[in-house]
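Only one chain is given next, in structure tokens, and it is the form predicted on its own.
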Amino acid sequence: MPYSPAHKAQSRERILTAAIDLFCRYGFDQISVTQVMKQANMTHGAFYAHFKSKSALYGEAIKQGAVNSLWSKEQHKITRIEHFMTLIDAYLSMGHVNQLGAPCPLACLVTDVAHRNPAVRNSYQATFQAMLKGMSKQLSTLGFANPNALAQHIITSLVGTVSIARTLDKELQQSLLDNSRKELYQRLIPNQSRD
């Protein structure tokens, strides 16, 4: 008896959830399909009913990881600059660096993706462009001039900070997070800082 469409969708979701976590923690080369399927609590053979290859899974995991990320889930709540800054606080936190919640594939996979095939790089670029578009719209609504340029600056600051922080010891991580946060506060609300 064939599986129902709902069952197939749930299985695919389990695979993607496992892949997002593992790829964001260890990168493409360190993770096998077998490891992904083990974490998803599924058989290795079930993989090919959902994905053509590990690279195809990787590209889909980037997109799904972005949908599940902190920024995507919370951005609709931004109606004032304080909400925007609260989201920056959450992004630039030790919990986010240590991947205690939903990881951001932009930050976790930035260097890994550069060495992948064009389809994977296209998934990453589409994820970046979607975040840029959403943030630009929010900044425009909040009254900022040049919202696209400001959004580019904010995204690269957030992604770069978390990417680098993941490679440092705890003391340096916290210093980097704090300094990046203060710089972004100054950019968003000149002559004011939040400690």
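One-based numbering along the sequence shown. None of the values given here were measured: they were computed from a predicted structure.
We do not show the form predicted together with a further copy of the same chain, though everything after this point is about it.
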Quick check: do 88, 96 and 185 each get a heavy atom within 4.5 Å of a further copy of the same chain in the model of the complex?
-> no
Considering only heavy atoms, tell me if residue 70 and a further copy of the same chain come within 4.5 Å of each other in the model of the complex.
-> no
Even though a further copy of the same chain is not shown here, does residue 180 get within 4.5 Å of it in the model of the complex, heavy atoms only?
-> yes
So in the model of the complex, does residue 114 come within 4.5 Å of a further copy of the same chain, heavy atom to heavy atom?
-> yes
a further copy of the same chain contact in the model of the complex: residue 77, any heavy atom under 4.5 Å = no
Heavy atom within 4.5 Å of a further copy of the same chain in the model of the complex, from candidates 53, 43, 141, 30, belongs to 30
Name the stretch: of 133-141, 161-169, 61-69, 33-41, exactly one has residues whose heavy atoms fall within 4.5 Å of a further copy of the same chain in the model of the complex.
-> 161-169
Residue by residue through 102-129, tell me which have a non-hydrogen atom within 4.5 angstroms of a further copy of the same chain in the model of the complex.
-> 107, 108, 109, 110, 111, 112, 113, 114, 115, 116, 121, 124, 125, 128, 129
